[in-house]
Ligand SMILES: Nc1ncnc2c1ncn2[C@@H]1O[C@H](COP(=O)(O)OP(=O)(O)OP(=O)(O)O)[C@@H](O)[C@H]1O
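Take a look at this one chain, the form predicted alone, written out in structure tokens.
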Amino acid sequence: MAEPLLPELDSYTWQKPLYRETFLQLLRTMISKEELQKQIPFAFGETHFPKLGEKYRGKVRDVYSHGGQLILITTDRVSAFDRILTTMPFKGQVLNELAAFWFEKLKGIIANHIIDVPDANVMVVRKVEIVPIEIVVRGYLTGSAWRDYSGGRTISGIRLPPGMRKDQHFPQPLVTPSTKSQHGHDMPISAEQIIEQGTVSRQLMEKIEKTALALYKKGVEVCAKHGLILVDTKYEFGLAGNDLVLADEVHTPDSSRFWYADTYQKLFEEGNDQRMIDKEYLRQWLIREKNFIGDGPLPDIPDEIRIEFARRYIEAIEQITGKPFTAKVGEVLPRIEQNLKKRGYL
């Protein structure tokens, strides 16, 4: 990853609006909309490195099995409603760099699977036995949780009180697991159902829930220092022997929702949508403009939406880390190949 061009602001300075906005304005000039437009032809959705080993194609990452390791190459693919839709400029780099940032921040809570980050789009990780459930921690009633609540007030087996409003803050975060589907939609499931089905033991489930809440608490604290709300997020865990390990990605715009803290209360009281810098922007556009929620032919996504989506992801990484996002317009795969060769993976 590139060295920051500007120093990270301390939390005291970050709280001063003038300093924060001036700093962020400088950051936002780093990657212009014109550069994002130029990068669209180079946004890549596939990799071909057979020498890395057997390949598995996920929604966003190409995963190569390499001995006792996995090499995760984060592409620019974009998925929504469990469908791969298109590519977005620099998306893979944003996700990979932000995941690496968070893994480092959270390693005091739980060990993670990272071994090396040889390229801005690549993460080398140890193989672990993935726990076949996704753990979503929710601090607010929004997204699919709001849709489930509107249809019956129950979310992953948790019965909520009547009269709650969209985007309302929960007194305590909710842990809402879901099934982990290779194809099709992930489905909500309760912790008790997971235990009854024998997917994991009660002891392990309790440990997973406790760890997920600790990770979410830390994420909330870090984001709050940078003027953001970590609304909800998804975690995936693995087992290395008997040890629980944090895997996949963590606190990225693909796996989390982020809102701006300074306008949350006003927008909530008015019943208006929150200011968001995550994938929800694209989901809402697909629903509103294309009437698309995952079924039927893939919709065409114009360049202006792809650029705005990319801009928001770049804004997210800059806001969260307090550092500029730096990237060069041009082909990405030759750089990845060169860096993998330098580290001896190719």
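From a predicted model like this one, the values you see are computed outputs, not experimental measurements. Position 1 is the first residue in the sequence shown; the rest follow in order.
If you look for the form predicted in complex with the named molecule, you will not find it shown, but the lines that follow are about it.
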item: 4.5 Å heavy atom contact, R153 and the named molecule in the predicted complex; value: no
item: D167 within 4.5 Å of the named molecule in the predicted complex, heavy atoms; value: no
item: Proximity of V60 to the named molecule in the predicted complex, heavy atoms at 4.5 Å; value: yes
item: In the predicted complex, K210 touching the named molecule (heavy atom, 4.5 Å); value: no
item: Partner-facing stretch of 119 to 127, 155 to 163, 263 to 271, 201 to 209, counted where any non-hydrogen atom is within 4.5 angstroms of the named molecule in the predicted complex; value: 119 to 127
item: Contact assignment for the named molecule in the predicted complex, among V94, A247, V78, I135, heavy atom within 4.5 Å; value: A247
item: Proximity to the named molecule in the predicted complex, single hit among I194, L98, L72, M88 (heavy atom within 4.5 Å); value: L72
